[in-house]
Each structure stands twice: as structure tokens, then as C-alpha cells.
Ligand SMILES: C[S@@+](CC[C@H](N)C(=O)[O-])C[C@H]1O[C@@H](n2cnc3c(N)ncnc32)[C@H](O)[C@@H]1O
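The data below hold one chain only, encoded as C-alpha cells and taken in the form predicted on its own.
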Amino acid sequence: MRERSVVAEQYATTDRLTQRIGIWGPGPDGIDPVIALRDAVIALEPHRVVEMGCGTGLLAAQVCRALPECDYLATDLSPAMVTATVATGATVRAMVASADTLPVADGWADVVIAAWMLYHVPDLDAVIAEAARVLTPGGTFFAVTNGDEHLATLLADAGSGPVRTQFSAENGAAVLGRRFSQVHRQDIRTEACFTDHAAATAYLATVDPDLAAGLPWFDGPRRDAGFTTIFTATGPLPMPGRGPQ
């Protein structure tokens, strides 16, 4: 799902994203990836943060409330998401902007965040390069994504194979390694909880109505495993033909 028109339709309102977020919880290790990401950002005590694809502003609001002096710029291509981020009431600046042309100078940010969005972008290398451009030499890029087997059991029951994307737990380190000298990963198991068949089909319908139609009936609740990875990339490399950033 990388076509701009498709992504724009998916995120024209906050409804689909909110519904998808709502079914997720920690897995057997008790770790919530959103909380793990939030705590990792806060631990760095950054002065300036840029978030690509901020969604409804959940992360931005939590970081800004913990670090009220932080200059946090939340960006998204969807005006609805930017409006929702502003509505959190946190001390966050939010604006419509493309991840490959961020409205800040070279070396402006201590931290750049791209959470669950790099699999959507049309030009992945351009977005990774943009993250490296806006970071200070000692800055940190947090990139969060899912693994190939994320929700594989539910998708298989609906007649689909695993979702393999351009930026996943499996290939993310290699992608980031093209623009950063150090890449570390934290793998987190999560769990989707559906109260009944209707809840599961409603979730699938937010992604693809054909998937929802293909899910056979089941009685009662079900749980399906999710697989998330938080990549932490440091040491942004110089752009080809340019000196150190």
C-alpha cells in the first residue's frame, strides 16, 4: 500500500487507524511497543524531535507531556491526522508535510521518528536519506515496523498469505544500514484481541474489504500474534557528494 492515492484514502479520516490501534495489546512478554518507543525517546531527553507520519498524535502527546521543553514537530500527509494531533492539547507543533521533504534545516533534530509508516512511502530511500539529513551528527532515528509474520494466522484464515513489505523486521536493518553506521533492533511480540467474528472482519475491512469477506465464521473471541520491531539507527552517513552532516 504505497500508492499516494491509496494511502490518502486510508488516512483521510482517523477512523481506520483508530480502529486498528484499538485491537492491539502486549504479547506474552508484557511489552507494549508504543510505550517502549515513548520511553526510549524520553530517555534521550531530546531538545528537538521530528515525527514522520504522526497519525493521531498519541506518541507526540505523551513525549511532550513528559518533556514540556522539547520542540516536537509532528508531520503527516493527512490533514485529518494533523488536526487530531493538535487536538491532543499537548505542546506539539503539527503540520502537513511529506516525509521526503521535511520543513527543517540540516542537522536540526536530535531525534527523528517514523513509526509504522515506512512501508507506505513511495520512495523509501529518499525518506531514509531525509531522516539522516535533518539529524544532528549524534542524533537518533527510531523506525518501527512489523514482521512478515505479523497477524499471519488471521490473514491465512482470510485466504491471504503473509504481508511482505519494503520495510519490515526482516529487511529493515539492511535498509537503514545504507544511511546509518549503527543499527540496533528490539523485537517485541504483540497480540491482537478480537471479541468476536464481527470485530475481526471489521478490522480486516479497514485494510481490505475482500479480506474481511474471506474470513470464515468463528464463534467467540480469538487472539492472533503480532510481531513488531523497533529499529534504533545512529551515526547518519554523509550524502553522496556532500561532506559530513
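Keep in mind that this is a model prediction, so the values were computed, not measured. Heads up: residue numbers just count along the shown sequence, starting at 1.
We do not show the form predicted in complex with the ligand, though everything after this point is about it.
Stretch 94-102 is the answer when you ask which of 94-102, 133-141, 165-173, 147-155 has residues with heavy atoms within 4.5 Å of the ligand in the predicted bound form. Contact check for Tyr11, Leu17 and Arg20: all three have a heavy atom within 4.5 Å of the ligand in the predicted bound form. Contact with the ligand in the predicted bound form, judged by any heavy atom within 4.5 Å, is made by just one of Val111, Leu73, Ile128, Met81: Met81. The closest heavy atom approach of Cys54 to the ligand in the predicted bound form falls within 4.5 Å. For the chain shown alone, Leu124 is not a contact residue for the ligand in the predicted bound form, no non-hydrogen atom being within 4.5 angstroms. Heavy atoms of Leu77 reach within 4.5 Å of the ligand in the predicted bound form, making it an interface residue. The ligand is not drawn, but in the predicted bound form it has no heavy atom within 4.5 Å of Ala90.
Within 4.5 angstroms of the ligand in the predicted bound form, the stretch 110-129 places a non-hydrogen atom from each of Ala115, Trp116, Met117, Tyr119, His120, Val121, Pro122, taken in sequence order.
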